[in-house]
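Have a look below at one chain only, the form predicted on its own, in structure tokens format.
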Amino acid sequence: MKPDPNTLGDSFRFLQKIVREAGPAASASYTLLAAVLLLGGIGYVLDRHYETAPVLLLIGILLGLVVGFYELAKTIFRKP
């Protein structure tokens, strides 16, 4: 029994289709992570500068979560 010569090509086309469709979700998850890290980092730096313990760090992390989840919700509820 000979293997179908189009099997590998079909597999690559299917993989490309899946990656293309997953792009917006991956982008939204990276935005969530980046917002938390960036705003949390800014809060950490400001905490060290103003010597305010973890107050600004926590505010930065919470603000990053709000911004990140907002972007995630925009991606999820976008009309096709």
Partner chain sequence: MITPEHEQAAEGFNAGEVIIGHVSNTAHDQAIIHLPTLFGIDFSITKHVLMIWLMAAFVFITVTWAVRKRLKNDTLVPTGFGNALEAVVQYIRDAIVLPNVGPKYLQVWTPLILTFFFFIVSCNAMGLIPLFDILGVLDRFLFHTEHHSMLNHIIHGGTTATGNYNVTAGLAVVTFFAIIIAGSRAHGFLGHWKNLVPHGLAWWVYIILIPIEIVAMFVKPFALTMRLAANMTGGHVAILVILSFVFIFTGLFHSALAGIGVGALVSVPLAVGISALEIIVVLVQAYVFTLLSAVFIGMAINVHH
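What you see is a predicted model, and the numbers here were worked out from it, not measured in a lab. Positions refer to the first chain, counted from 1.
The same protein has a further form, the form predicted in complex with the partner chain, not shown here; the description that follows concerns it.
In the predicted bound form, the partner chain stays beyond 4.5 Å of every heavy atom belonging to T52. Not displayed here, the partner chain is kept clear of V45 by more than 4.5 Å at the level of heavy atoms in the predicted bound form.
Interface residue remark: V66 is counted as part of the site for the partner chain in the predicted bound form, having a heavy atom within 4.5 Å. The closest non-hydrogen atom of G9 lies beyond 4.5 Å of the partner chain in the predicted bound form. Residues of 26-46 that come within 4.5 Å of the partner chain in the predicted bound form, judged by any heavy atom, are A26, S27, Y30, T31, A34, A35, L37, L38, L39 in sequence order.
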